[in-house]
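There is one chain below, alone, in structure tokens, taken in the form predicted alone.
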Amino acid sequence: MPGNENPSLSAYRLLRLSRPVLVIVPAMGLVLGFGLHVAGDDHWPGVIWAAATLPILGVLIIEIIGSLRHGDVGLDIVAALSMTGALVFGEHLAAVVVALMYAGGQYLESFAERRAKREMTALLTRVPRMAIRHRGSRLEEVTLDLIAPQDRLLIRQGDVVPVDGLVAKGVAVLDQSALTGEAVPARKRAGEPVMSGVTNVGDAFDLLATHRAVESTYAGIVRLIEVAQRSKAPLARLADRFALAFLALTIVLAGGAWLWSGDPIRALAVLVIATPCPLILAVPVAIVAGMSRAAKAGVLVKGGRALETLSHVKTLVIDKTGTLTHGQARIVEILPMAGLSSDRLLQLAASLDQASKHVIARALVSEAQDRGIDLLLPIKVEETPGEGLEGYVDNQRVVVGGIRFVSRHVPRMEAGAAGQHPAGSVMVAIAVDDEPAGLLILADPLRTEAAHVIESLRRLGIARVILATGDRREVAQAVTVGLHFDAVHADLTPDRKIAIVQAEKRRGPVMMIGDGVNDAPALAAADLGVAMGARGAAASAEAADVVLLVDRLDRIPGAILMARRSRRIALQSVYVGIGLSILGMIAAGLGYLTPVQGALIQEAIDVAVILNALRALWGSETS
């Protein structure tokens, strides 16, 4: 309820919303005051400049108080001292110039975060809100909180299962990849358990609820995400790492100039030129530039902290299905019999499968289309849900499905299908005119770029590469043959993935790459979560710090190089800007610069560091 909102949180949100106004006020005041000064007015310019400074100073003081309550001492104190001193000693022009520099820097920093959030609006859209419940002889749509154990639910094709339960009627064909990482759909018969959060890719079936929604698997995963996000230790802003040392140096130089000369204006001049705009401006500009360049390459980085963490990760924990692999079953081998060619066998099977909505049938149709094979019109098609089809293609009777299903029509099929096939793969049998015709082997193959990406990451300083998957161990081991992993963990639940990430954190910053709902808690728990956002689950994209907008792993090494270059440019700007500021502070302390001159020199330094920070928008990542 709005009345229960935290007052400090409301104030913070108000400050964020007012950032553009806080830039406009000193800018307009500066222009208006100069206009009156040029017109010969000697009184009102100072009043206008002071009035334009006060809102910025008020907001700044509120933020400083809030930071001090949390034990944070930042460079904002220097800006507040310089504005306050300028107003006290009548240096109103210097005050409004400092106010404009500060407000502009704060706006740029908040813009970096808003920009990322504006481009990534995916929420936990897979969380079902309603369910279809049997009530006597009719169906009713109800909210999830009304579902109780023993309720009978209708799960339609395409529905996400809302609660844990048992198959009550029919055969359920389920895409469990978002939860378990297993790409090949699972078939569940009456009485077998079904987890919430999986998708029905077969015909509609009835589910007998065994848990309430809040007690079910998917709700537990969402809670894990929230806990992991709250427990992630935030990194300090890059600029604030210099805060205490620079603040102490500023006070010493300003105080020393006042004591040595007896002139408080010298101390004010030191404070004005010490206003840490190279830190306030250069860092967010370089961050925004780096984020913009990464976004053009298909990598969405959600803010400056994520960009900085990306630049120095030491360990990679990566999921298998949909990340290391494509996440879809594809034909890896065609074994024709009875003198048929591979293309003819696929043509007959895919042509018949045009009449089915089964996920494997769609995979065969897609494969045939990708190979440029013309599909024929199937007739007299009969489908046994979850098992297979039979019908006529090109005047030939064709049966397509699992080995047991086809063997019921052609007993010799089972003998012809004897032999081994890869772990985690699916064997589709085809019979033509009551004779065994061949086999199609489908599996979720490794991405072609996977090995190259892993080696590239190792060259970039990633010391450990860990596979963490919910899939079976034999499948994980079969897929990763020849890849350079330091450890392979399989059969993982979401909480065990979190445990692996937490254990690896002791060795250095951890990057986790995943795409499924079961990866989302680990993505949130890692120092840097990277989600395959092009086709992955919205939950993982929401929990992650970086989202790949294209379905390619090889964008990761380039993103790391971009992040490192942006951070390097930001630090260059900081070191040069602070160095020039210190020289200016010394000159001001010796009486060679007035407060207004100091503000103008500081503006020149700002322009220089901003132009340098903008180099993050172009050039080679290795430069």
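Since the structure is predicted, the reported quantities are computational estimates derived from the model, not experimental observations. Start at 1 with the first residue shown and count on from there.
There is another form of the same protein, the form predicted together with adenosine-5'-diphosphate (ADP); it is not shown, and what comes next is about it.
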In terms of non-hydrogen atoms within 4.5 angstroms, which of the given stretches 369-377, 294-302, 314-322, 266-274 touches adenosine-5'-diphosphate (ADP) in the predicted complex? 314-322
Just one of Met195, Leu144, Val426, Ile132 has a heavy atom within 4.5 angstroms of adenosine-5'-diphosphate (ADP) in the predicted complex, so which one? Val426
Tell me, out of Glu455, Glu449, Asp551, Glu387, which residue has a non-hydrogen atom within 4.5 angstroms of adenosine-5'-diphosphate (ADP) in the predicted complex. Glu387
With a cut-off of 4.5 Å between heavy atoms, is Ser356 one of the residues that contacts adenosine-5'-diphosphate (ADP) in the predicted complex? yes
Wondering, does Pro336 line up within 4.5 Å of adenosine-5'-diphosphate (ADP) in the predicted complex on heavy atoms? no
Consider Gly90 of the chain shown here, and say whether it contacts adenosine-5'-diphosphate (ADP) in the predicted complex, taking contact as heavy atoms within 4.5 Å. no
Residue-level question: is Gly256 within 4.5 Å of adenosine-5'-diphosphate (ADP) in the predicted complex, judged on heavy atoms? no
Of the residues spanning 441-476, the ones with some heavy atom within 4.5 Å of adenosine-5'-diphosphate (ADP) in the predicted complex are Ala468, Thr469, Gly470, Asp471
